[in-house]
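Presented below, as structure tokens, is a lone chain in the form predicted alone.
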Amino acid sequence: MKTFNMAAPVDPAEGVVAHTVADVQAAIRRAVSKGLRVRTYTTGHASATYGPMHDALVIQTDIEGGVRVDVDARTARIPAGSSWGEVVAATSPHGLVAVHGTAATVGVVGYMLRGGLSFYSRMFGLAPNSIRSIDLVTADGEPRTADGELFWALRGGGGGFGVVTAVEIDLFPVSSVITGASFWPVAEAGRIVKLWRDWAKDAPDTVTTSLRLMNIAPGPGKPEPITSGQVVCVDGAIIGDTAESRSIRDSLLGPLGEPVHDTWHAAGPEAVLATHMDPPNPVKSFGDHMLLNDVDADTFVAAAGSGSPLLSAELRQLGGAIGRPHPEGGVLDHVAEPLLYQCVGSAADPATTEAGRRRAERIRAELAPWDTGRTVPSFVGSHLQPQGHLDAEQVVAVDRIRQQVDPTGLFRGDICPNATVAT
């Protein structure tokens, strides 16, 4: 089975690639007949978060049909297994965008259900809030369109409800953006982190940015100034190519000083998928993640800066619509914290992995004063890391709904840690 993160291959008792709803139904019947649990899977970007699968039949969804865009209704119907690259290619010609992730290769369904955060999210909110409908096959082998409490619980409830086969999502009118990245030597990081953090607190909702301390490997399109040592990067997207959006760009980048490399430019929305420089091909990596109520710039730079072997240590700007509860949202409809932290390290070999993990542990310890203990499921790096996105009352509620659609716990292995009281 294909796995984007090759450092965390899946090893189930059996595996099935499902191209139709009937394939999903047949796979569930097979699992039940053999006494196996059922696990769901798409691209494998989050495979490190799945946990053991030795007692399970894994259904890898690659449902036929393709992305269908309704321009008048501003919606897209997306079969499970589709990637964000496919969606953006279908929506951008119409001047419409989804609340998509930063990587073209990431699967849509997992991202949407697990609280995806976009460079558009400060304007349009968390990804689950833009889901119009969800089709799935539940433990009884019957296809259904989720409604009522089940529709509420599926949107951020932590999984374990069935096999999602398609989603319909809202699209938003965006025909142009200003997007890109600027880079400075890591020696400038302390000053830049402080300026960026102060700017981010009051930035308008039309802009979302991130700040990363990065070690970038040489390669095509990567000039020598950003590959010769650790750099600090500020990237993101601003909705629209207007005088106002250009003023926002200038208010962000102007005080930061002259970069060694800059790619910020006006473009169509299809350009946003390239901004964050996520790898297009499978990799071996590990990660960590926290939600922060603030951060001290000097502490962050000292922990994640010079000498770090990590590929990236990131602070992402939240707030705006991300922080506001949605009146029709699911169980995970907002994130109150102003900052998201995540790191990514190479797992190319044991020595590199060990050095990176030690640095990740150091950063986690140094940022502990600002760690809220909460996480966003789509950013969690491992099923073993500290995590949790629901409060106790929400856990009880989603467990009750799971019990209704999966009374025998067929899909229990799919539930995120701390999103259930079941053992």
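In this text, all values refer to a predicted model and were calculated from it rather than measured experimentally. For every residue, the number given is its place in the sequence shown, counted from 1.
The protein also exists as the form predicted together with a small molecule; that form is not presented, and the subsequent description refers to it.
- Though the partner is left out of this view, Q385 does not reach within 4.5 Å of the small molecule in the predicted bound form, counting heavy atoms only.
- The closest heavy atom approach of G162 to the small molecule in the predicted bound form falls within 4.5 Å.
- Taking non-hydrogen atoms only, P259 never approaches the small molecule to within 4.5 angstroms in the predicted bound form.
- Interface membership of G180, defined by any non-hydrogen atom within 4.5 Å of the small molecule in the predicted bound form, is ruled out.
- In terms of contact with the small molecule in the predicted bound form, the residue from R122, R114, H289, R212 that brings a heavy atom within 4.5 Å is R114.
- Residue-level contacts in the predicted bound form: of E149, D278, E337, E86, one residue has a heavy atom within 4.5 Å of the small molecule, and it is D278.
- In summary, the region of this chain contacting the small molecule in the predicted bound form, judged by heavy atoms within 4.5 Å and restricted to 393 to 401, 356 to 364, 64 to 72, 372 to 380, corresponds to 372 to 380.
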